[in-house]
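Look below for two forms of one protein chain, each set out as structure tokens: first structure 1, then structure 2.
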Structure 1
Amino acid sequence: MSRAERITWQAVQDQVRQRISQRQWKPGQQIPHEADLAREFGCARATVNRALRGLADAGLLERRRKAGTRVALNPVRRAEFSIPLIREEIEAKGQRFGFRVLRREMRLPPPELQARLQIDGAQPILYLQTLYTADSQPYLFETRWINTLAVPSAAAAEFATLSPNEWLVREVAFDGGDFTFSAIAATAQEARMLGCKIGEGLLVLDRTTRHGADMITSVRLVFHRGYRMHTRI
């Protein structure tokens, strides 16, 4: 194996990132051409191209056809957000995990959900309400729709030992989706489920996930009073 074959795009990316952070290449400055960087690092030009594309996607570089690549004037700071299993999140805090499915039925989704899941509303899909607990105290109230047209096995899943959250993670791969964070005033139902007062402020995460062209699930997670979410940039 030649030295060029041993240099990975991740290694090139680390070198470029370091030069940017140490201001060897300043904001707005044009960086060397790919061919020049490939010679310097001793790798294929395609390796450099992949490294730079990744940094452009991360907001550190600006790439324009025929104009070269520059360090971004205002680099975008992107937060890294992982989707932990609810069980793992609770157990990581040293608490005992529990859940119970409160409601389960096949029902027609409302029009806005049909549009979100990109399905024809003429056929019912699986609707679930689940309460998750930590040391027997309310932790999270989940309302979930599962597109059983894309995941037929969900219709027969018992969710006795695996929560809907964990069952989907294990059974169905997903490769994209979207998140919306918001704060709401607790409704009567949410106050009853989460042991808080009506009108109290709660954190909500609405999430839709997909696999390829198929929309898999749409879920609303309403967290207990005082819940804090941590991420990093």
Structure 2
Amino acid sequence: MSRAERITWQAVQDQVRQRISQRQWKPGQQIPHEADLAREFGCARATVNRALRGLADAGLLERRRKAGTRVALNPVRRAEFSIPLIREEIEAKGQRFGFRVLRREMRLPPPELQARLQIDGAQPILYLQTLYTADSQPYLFETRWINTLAVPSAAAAEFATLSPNEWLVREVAFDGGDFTFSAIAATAQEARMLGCKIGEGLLVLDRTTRHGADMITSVRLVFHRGYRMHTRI
């Protein structure tokens, strides 16, 4: 005779997830409250709370004080993409990572970027063009602005052994930013850089990172032809 197993919050979560998945509890429907579930599963309310909070974070449940907990109407609405360092992404595929800084100069940023910099007066900042390669094949073409007013040390950085990307990740802190995925047809320059035909559909990721109020860097990544960004839920 084995002594009674302790109920874990994972067990509760699995049970609840299953009931939702099997439509025993239907979308929009209210589920029993924590105290009842705690009694049913034979555990403390805190354990149920932990389980349900996780499911709410995942978007499977909607919870409101006093109103109770109900199954979300449209369950899965999020996809989380891991944005790895380019080096890691390439090396994870067993390929040899490489990069080349093709252009590097102080340049006056375009108006829309000047607005985001929130500096008065037009001042030149660091502008970089870098090509990343996997086994010497073009992988990614990067166009980057670095706010040298917020990160003066960048002006002197070599980017010889460390790519601009990795240099920034290592050297400067940031706490926010935004990402935008879009698609373009390859221009002549992009086609030349990435070794594809003009007009190929290419995936583009625009990213701006901030630290507090300061914009640190704004970068546009143009991926090679056929690049796929994948995730599962």
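Please note that residue numbering is based on structure 1, beginning with 1 at the start of its sequence. The structure displayed is predicted, hence computed values, not measured ones. For clarity, a rigid core is taken as the largest C-alpha set superposing within 1.5 Å between two forms.
The form predicted on its own appears here as structure 1; structure 2 is the other form of the chain. Superposition of the core reveals a Cα shift of less than 2 Å for V219 between the two structures. Once the rigid core is overlaid between the two structures, A67 counts among the residues whose Cα shifts by 2 Å or more.
With the core held fixed, A56 shows a CA shift of 2 Å or greater between the two structures.
Lined up on the core, K26 has its CA atom moved by 6.9 Å between the two structures. On the core-superposed pair, the CA position of Q15 changes by 10.9 Å between the two structures.
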